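Only one chain is given next, in structure tokens, and it is the form predicted alone.
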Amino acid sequence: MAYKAEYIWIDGTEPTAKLRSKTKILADGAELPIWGFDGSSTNQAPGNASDCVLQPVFSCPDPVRGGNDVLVLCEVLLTDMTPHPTNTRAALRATAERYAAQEPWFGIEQEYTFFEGSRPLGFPPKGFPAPQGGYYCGVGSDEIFGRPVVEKHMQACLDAGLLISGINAEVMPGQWEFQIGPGGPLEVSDHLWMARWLLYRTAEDFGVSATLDPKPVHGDWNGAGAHTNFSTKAMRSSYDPVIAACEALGEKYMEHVHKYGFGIEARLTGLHETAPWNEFSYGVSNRGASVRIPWQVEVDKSGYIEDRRPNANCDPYLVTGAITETCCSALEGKYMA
């Protein structure tokens, strides 16, 4: 019996890449082959040399179609089988292999906002809802909007075997978060891209759209981020490497900001639980710092850090790659787990 494979890839749209997908019918038991697509329609090739290659790198059960159908995340290659310039996963693969002995782990908190037409879900047709405050982790139809979509998406991620570890309503109406991790940089990034695809696909069935806009509503409203939690084997057993990782991030803070998502200046203003985009700070339990050290990490003298700067629309391959390179290179040979 044939089965359906949904090939999913990241396109070349700028300044923020989009997800694309198409379906391939395969004979029962057939392995996932390489495939191709028209790169001139995805901002990845000119019309006179439009062929691009899809190389399967991660697959999981398809919770939308069910049965034996699968979702297939792909890297984009050129026809000479080298990574396409838009393929950020290839560089992360090399970085992850280089520092594998340090066992870097990540957990990413993906915030997003539901829109119904041109306004966030839960916003009245004219004007604004009550100020933010009661919506965060709230309950009740006067404060929570989109829960059926969120619940269905969470179950879809579980059915797909993704590393989803929780959900919660965020501080603005129609704004939510799910968490992916813990896991290695490649694993967490792959699972986050797949969870994003499932989010968009699930929202289709409810007639709403999910956006990763880092500042979906200007004014006195929180933006949407992808707070990134990070640790190495040494950090998980000692406090000195925790501080060393924070210091290393501070030395390259502008280099990281440029890899953390388009529109970061609108979100990282120093207000709404953010640090200014062009300054670096870290502190214990401080959500107004660039990097937060959780209070229990200071108490336990070991654990992880939370880089609060990445945007909701960030490329997780770039974010985990930058953090791994910066922190692991600084810790390498200096700390024993």
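Because the structure is predicted, anything quoted here is derived from the model rather than measured. The first residue of the sequence shown is number 1, and the count goes up from there.
Although not depicted, the form predicted together with a small molecule is the subject of the following passage.
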Gln102, Thr211, Gln132, Asn229: which sits within 4.5 Å of the small molecule in the model of the complex by any heavy atom?
Asn229
Considering Glu143, Glu75, Glu187, Glu109, which brings a non-hydrogen atom within 4.5 Å of the small molecule in the model of the complex?
Glu109
Within 4.5 Å of the small molecule in the model of the complex, do Ala244, Glu298 and Lys334 each have at least one heavy atom?
no
Non-hydrogen atom contact Gln155 with the small molecule in the model of the complex at 4.5 angstroms
no
Is Ser165 close enough to touch the small molecule in the model of the complex, meaning at least one heavy atom pair within 4.5 Å?
yes
Classify Ile180 as contacting or not contacting the small molecule in the model of the complex by the rule of any non-hydrogen atom within 4.5 angstroms, answering yes or no.
yes
Determine whether any heavy atom of Trp277 comes within 4.5 Å of a heavy atom of the small molecule in the model of the complex, and answer yes or no.
no
For the chain seen here without its partner, which of 60-68, 37-45, 285-293, 269-277 has a heavy atom within 4.5 Å of the small molecule in the model of the complex?
285-293
